[in-house]
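Take a look at this single chain in C-alpha cells; it is the form predicted alone.
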C-alpha cells in the first residue's frame, strides 16, 4: 500500500513539473498587445508624422499583393510563414516593402524574446483575415452612408443611445422625450454636458450611470442634443 501511494505521488509531482504554461493564442488580443505600440490597427488606417511603422492594414495588403504564389490557396501559408520568420529575424533583403518605405521607417527591430512562434502564427492568421481590401471597401461604403446622414442620425447609427433611451426607455434610463421636457427651459447646454462627461444622480429612479461620449464632432454633439431637446424621435413622443 505504501509503495502504491509513493508511485502515485511521484507521478503527480512529475506531472506538475512538466506541465506547460498556458498561453492565450487569441490572435486579435495578441495583435493588440504585440503590434499596436508601433503599428496603427484601425480600419480605415490612421497615419501620423510620428508613427514608428506603417499601419498594419497597409503592411498586410501589400504583403498579399506582392507575394507570388502558384495558387491563391497557397497565399495564407506563405504569408504566415513570412510573418513568423521576418518578425524574429528581420532583414532588408527579406522585406517586401519598397525602398522608400524602408528608408522612411527602417527595418523593424527583431521581436525575438517578445513574442513566441505560436503567438506569431495566431497574429498572422488574425491580420490575414482582418486586413482585407474587400472588407475595407465595405467599411468605406458604410461610412459614406453614415456621413451622408444628418449629425443626430449619425450619432444614433453609430452609438448605443437607442439601447437605453429608446429600447429600454423608462426601465433603465429616461426617454429622449423625458430629457427634452426636463431641460426645455435650460436648452441644449446641460444635455451636451451629460453627453460629454456622463451623468449620474440626476435621475434618482435610474441607478445606471450614463457613460461619456467624448469622440463626437461638434456638429454631432449639437445635433444630437438638439434632437433630444426637441424630441424629434417618434418612438419617444409623448401622447
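Keep in mind that this is a model prediction, so the values were computed, not measured. Positions refer to the first chain, counted from 1.
Another form, the form predicted in complex with heme C (HEC), is not on view; read the next lines as being about it.
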{"property": "In the predicted complex, the residue from 163, 137, 157, 148 that sits within 4.5 Å of heme C (HEC) by heavy atoms", "result": "163"}
{"property": "4.5 Å heavy atom contact, residue 95 and heme C (HEC) in the predicted complex", "result": "yes"}
{"property": "is_contact(residue 87, heme C (HEC)) in the predicted complex, heavy atom dist at most 4.5 Å", "result": "yes"}
{"property": "Contact label in the predicted complex: residue 167 to heme C (HEC), heavy atom within 4.5 Å", "result": "no"}
{"property": "Contact test in the predicted complex: residue 29 vs heme C (HEC), heavy atoms, 4.5 Å", "result": "no"}
{"property": "Contact at 77, 80 and 125 by heme C (HEC) in the predicted complex, all three, heavy atom at most 4.5 Å", "result": "no"}
{"property": "Any residue of 26-61 that, in the predicted complex, places a heavy atom within 4.5 Å of heme C (HEC)", "result": "34, 35, 37, 38, 39, 52, 53, 54, 56, 59"}
